[in-house]
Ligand code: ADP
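Just one chain follows, in the form predicted alone, and it is written as structure tokens.
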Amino acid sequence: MVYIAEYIWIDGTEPTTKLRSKAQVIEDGKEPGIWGFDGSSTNQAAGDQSDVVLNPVLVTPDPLRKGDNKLVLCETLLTDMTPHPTNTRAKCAATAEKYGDLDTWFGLEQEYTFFEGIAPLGWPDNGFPAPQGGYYCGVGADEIFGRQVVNAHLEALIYAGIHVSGINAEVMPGQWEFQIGPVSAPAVADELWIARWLLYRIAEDFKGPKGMPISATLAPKPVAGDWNGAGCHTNFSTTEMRESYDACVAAAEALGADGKPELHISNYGAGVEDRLTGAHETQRYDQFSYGVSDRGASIRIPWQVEKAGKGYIEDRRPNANCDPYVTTQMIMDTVCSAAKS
């Protein structure tokens, strides 16, 4: 007998990478192993040296094919088995190992927007829906669009063993969020990439009210104007932060140290300036602030953390389209290096 392994990887598309996948039929009893692909078709190799290696880093049950079938998330390697230039996971893993004694945890809040054709799901053919207000965590077919896809995605994540901790409708109609964590890096980013792939793949099987296929986008500003953007708010803690409020404040201040805000913003996803305008629950991309319960700050310290005197902080700046390997690596490096200095 055999099973099907769907190999998933991140390509070299710029400025925002895409997910790719292909299937291999494997004999029962054998684990998914090293494989490869044509990098010249994914912006990862030249045609005369096109082979790129796929190295499995996370294998989960396949919630779509089910049975003994598997999803196989891979990192990309050169043929000499060193990390491919587009492999951001390797640096994230090295940083996590460097600061392993601090036991870093992450929770990622992935926002996204459903589209049907060229418009967000549920939007009228002409003009705009009612202003934002009733959509966030709302209920009812007049305000909530795409719930059937969201529920199918949630069930798939649970089946696959992903550490999903919740879902909710977001502020803009047609926009949703799921949360992964708390999990350490790079595993939390591995799981987010699998979750993103499942979101795209599951949406393929649904159509909207206009009869067109539904698609999901991580665009940070899917609709211009007075509408919320889409982020990937990143919650972070170390052992010390989970025991001390002062350590949480110190972490927020480390992220605001000289040169750090600009460095992080430049690596938090293409189009971040379009989303971080100072409106719609954001701080401006060229300003930095932190505060308790302040969703207009760069870094939010939840009120529960201040009350408990310990916990975590939330970096509200990363885009929905950020690379979670890069985001988590940068936060670890900035906060943990300051903690050890």
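For every residue, the number given is its place in the sequence shown, counted from 1. Since this is a predicted model, take the numbers as computed values, not measurements.
Beyond the structure shown, there is the form predicted together with this ligand, which is absent from this document and is the topic of what follows.
The stretch among 84 to 92, 107 to 115, 126 to 134, 251 to 259 whose residues place heavy atoms within 4.5 Å of this ligand in the model of the complex is 107 to 115. Of the heavy atoms in R275, none are within 4.5 Å of this ligand in the model of the complex.
When contacts are judged by a 4.5 Å heavy atom cut-off, Y312 counts as touching this ligand in the model of the complex. Though the partner is left out of this view, R242 does reach within 4.5 Å of this ligand in the model of the complex, counting heavy atoms only.
Contact between S237 and this ligand in the model of the complex is found at the 4.5 Å heavy atom cutoff.
Contact with this ligand in the model of the complex, defined as a heavy atom within 4.5 Å, holds for exactly one of R284, R65, K307, R295, namely R295.
Along 251 to 290, no residue reaches a heavy atom to within 4.5 Å of this ligand in the model of the complex.
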